[in-house]
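The chain that follows stands alone, in the form predicted alone, written as structure tokens.
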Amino acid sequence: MKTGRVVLLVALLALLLVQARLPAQPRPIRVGGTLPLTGVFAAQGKVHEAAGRAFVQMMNEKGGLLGRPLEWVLLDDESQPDKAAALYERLITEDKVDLIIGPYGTAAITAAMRVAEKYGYVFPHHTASLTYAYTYRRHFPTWYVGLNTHITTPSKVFDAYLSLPPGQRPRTVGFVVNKFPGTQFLAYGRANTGGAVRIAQQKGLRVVLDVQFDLGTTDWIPVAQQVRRANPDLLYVAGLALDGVNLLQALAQLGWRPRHHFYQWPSPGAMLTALPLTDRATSVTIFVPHEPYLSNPGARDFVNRYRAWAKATGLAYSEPDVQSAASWSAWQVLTFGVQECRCLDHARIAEVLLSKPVPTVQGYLKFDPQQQNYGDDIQAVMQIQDGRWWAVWPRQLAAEGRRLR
């Protein structure tokens, strides 16, 4: 019995000695953030979660960040901006995360940005639309639409339609506008400048309808009746997520189908599942999984890894799209800043990002402090053709053999 105890003690001592000689595991670099994992924006939150998870997995497979594992501390903001702000406060002051990355959507991002500014954190974010409101020097937007998107975005859309052959060009346009701040900004502009309604008139289109609807609208028939009466050549839906599909279904019940139709920020997958109602629908994008986008930095990694992660986790739509590309780009921006300064100092990371072009799946982004960290509006017009989305305008970003129909 005594001999057995001696043997056990020797074995334990040997094990402790071996463990003492093993190299210590580096402490992870922790990135804090929230997403709407529940609530009204949960579907979009899952897309951004898939992009972030796939990116973090890729980084760790390639050796981590600064030789340390990358850890994403992700919390559920329940689609509530106030909760998002409170959680970012907690991530910074209690959880002591090293870095942060933005939540989903304009309202949550606007709330979280105030917290980031309070503590001086670098704040990459992917889905905010009130460009004029963001003056924090260390915010880095990766829905790269330019500071004056209320002018450039509708101009690009109407230029695309006015490039059609004379017999196909729209002469009238009807607007259906969500009362969401971002879509209001894009539709009506600011301080009597810009906005899709004003831009349409400036380009010679006659506005035959301008109707607004509330967030969460469920009865679309009254709106559809107004559209049918106006009978516009181009239906312009300044809406979110499923607004467009819901309106098209109501219009189909009334026996009316748009000749040309545009949607501001739809759920790309939902639009495809609603075919043939959505055939030839258009929207704007910063990434489509075909050339020339696939030649951008990290684009093939993004496409392959996002598809794999989305399929493995059962997402209804597993194709990379504008949402997941913006999210992936935000991670690229954050990790590029850290790698270039080889530090976790927020002031130095920000200066790197403000001084160097940042490689992303959208191309090289330049954050211009004279433009509140925006640059050019790099969006393209995309259209559903033959069952999938294709970039069709401007011509240098269009898929080979594709043009607006």
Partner chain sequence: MSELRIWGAIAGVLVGLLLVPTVVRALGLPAYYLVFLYFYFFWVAQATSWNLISGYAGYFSFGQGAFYGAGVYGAAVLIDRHGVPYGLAILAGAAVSALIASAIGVVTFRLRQIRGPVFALVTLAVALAMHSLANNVSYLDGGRGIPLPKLSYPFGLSDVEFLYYAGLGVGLVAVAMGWWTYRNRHGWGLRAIHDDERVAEGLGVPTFAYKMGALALSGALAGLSGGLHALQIRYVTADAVFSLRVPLLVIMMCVLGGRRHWLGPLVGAGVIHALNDRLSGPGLSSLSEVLMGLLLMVVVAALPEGISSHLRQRGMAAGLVGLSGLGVALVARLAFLDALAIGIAVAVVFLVLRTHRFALGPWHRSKAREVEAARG
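Keep in mind the model is a prediction, meaning the values are calculated, not measured. Residue numbers count along the first chain shown, from 1.
Unshown form predicted together with the partner chain; subsequent notes refer to it.
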Q: May I ask you to state whether P181 is within 4.5 Å of the partner chain in the model of the complex, using heavy atom distances?
A: yes
Q: Evaluate L235 for contact with the partner chain in the model of the complex, applying a 4.5 angstroms cut-off between non-hydrogen atoms, and reply yes or no.
A: no
Q: State yes or no: in the model of the complex, is some non-hydrogen atom of W220 no more than 4.5 angstroms from a non-hydrogen atom of the partner chain?
A: no
**Q.** Residue contact check: D159 to the partner chain in the model of the complex, 4.5 Å heavy atom
**A.** no
Q | Heavy atom contact within 4.5 Å of the partner chain in the model of the complex, the stretch among 333-341, 371-379, 358-366, 47-55 | A | 47-55
Q. Thinking of T38, D76 and T93 as the candidate spot, does the partner chain come within 4.5 Å of a heavy atom on all of them in the model of the complex?
A. yes
Q) Using a 4.5 Å cut on heavy atoms, which of A86, A224, V197, V303 is close to the partner chain in the model of the complex? A) A86
Q: Name the single residue among G298, G269, P81, G146 that comes within 4.5 Å of the partner chain in the model of the complex, judging by heavy atoms.
A: P81
**Q.** Contacts with the partner chain in the model of the complex - residues in 210-237 whose heavy atoms fall within 4.5 Å
**A.** D214, L215
